[in-house]
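For reference, the chain that follows is the form predicted alone, supplied as structure tokens.
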Amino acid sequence: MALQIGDKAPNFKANTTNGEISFHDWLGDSWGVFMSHPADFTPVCTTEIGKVANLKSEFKKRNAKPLVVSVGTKEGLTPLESHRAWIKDVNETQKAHVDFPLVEDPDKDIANSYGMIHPNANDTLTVRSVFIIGPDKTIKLIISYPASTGRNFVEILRVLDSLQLTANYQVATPADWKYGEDCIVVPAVPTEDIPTKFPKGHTIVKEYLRTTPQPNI
């Protein structure tokens, strides 16, 4: 059965370009952004790895650790040799400095444990998933992309902001919400309790739709 939001993220031990890790221990109290790629030296993925590297400060600000698994490696090289050679290309072409781990997965065990290889896929073509994993080691978000479309990291950072906000306050975020904008008070909060819980004020649009300024800023 495929992993779903709320499931425990499978733990694993693996060699990476930064040494051996045990995933849950490596994650610690941080959020994880775990991305899969069909193969090293693929063009769209090269731009994505570079983008993540160049957004290092944004991930750090959110206490989030990026991690990448790529199952297809360059012929004649070990998986880690292939990953390291690819990192050199990424750094050169994307003006980046990749310092987060790329995981070796020669038998596709990790990719399969996360359902990253789709049953109808042509080999590993559709291994294009991203998982956001909370400090409690549960899956908070799953997005799968086609091979032709690069990930939107503005959206991934936006979702991290929303997940971290809504984990600590009884709010939800509306369509197209961005950090600093008004939030929705969840239905579980009675209207009469809103002034105490959200002293910045609130607006009742409908009895089921109550908004309040973002509470953590």
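Please read these numbers as outputs of a predicted model, since none were measured by experiment. We number the residues from 1 along the sequence you see.
Another form, the form predicted in complex with benzoic acid, is not on view; read the next lines as being about it.
Scanning Thr42, Asn54, Asn152, Asn63 against benzoic acid in the predicted bound form with a 4.5 Å heavy atom cut-off leaves one residue, Thr42. Here the chain stands by itself, but in the predicted bound form one stretch of 185-193, 152-160, 44-52, 25-33, 44-52, has heavy atoms within 4.5 Å of benzoic acid.
For the chain shown alone, His83 is not a contact residue for benzoic acid in the predicted bound form, no non-hydrogen atom being within 4.5 angstroms. Within this chain, Ala147 lines the site of benzoic acid in the predicted bound form, having a heavy atom no more than 4.5 Å away.
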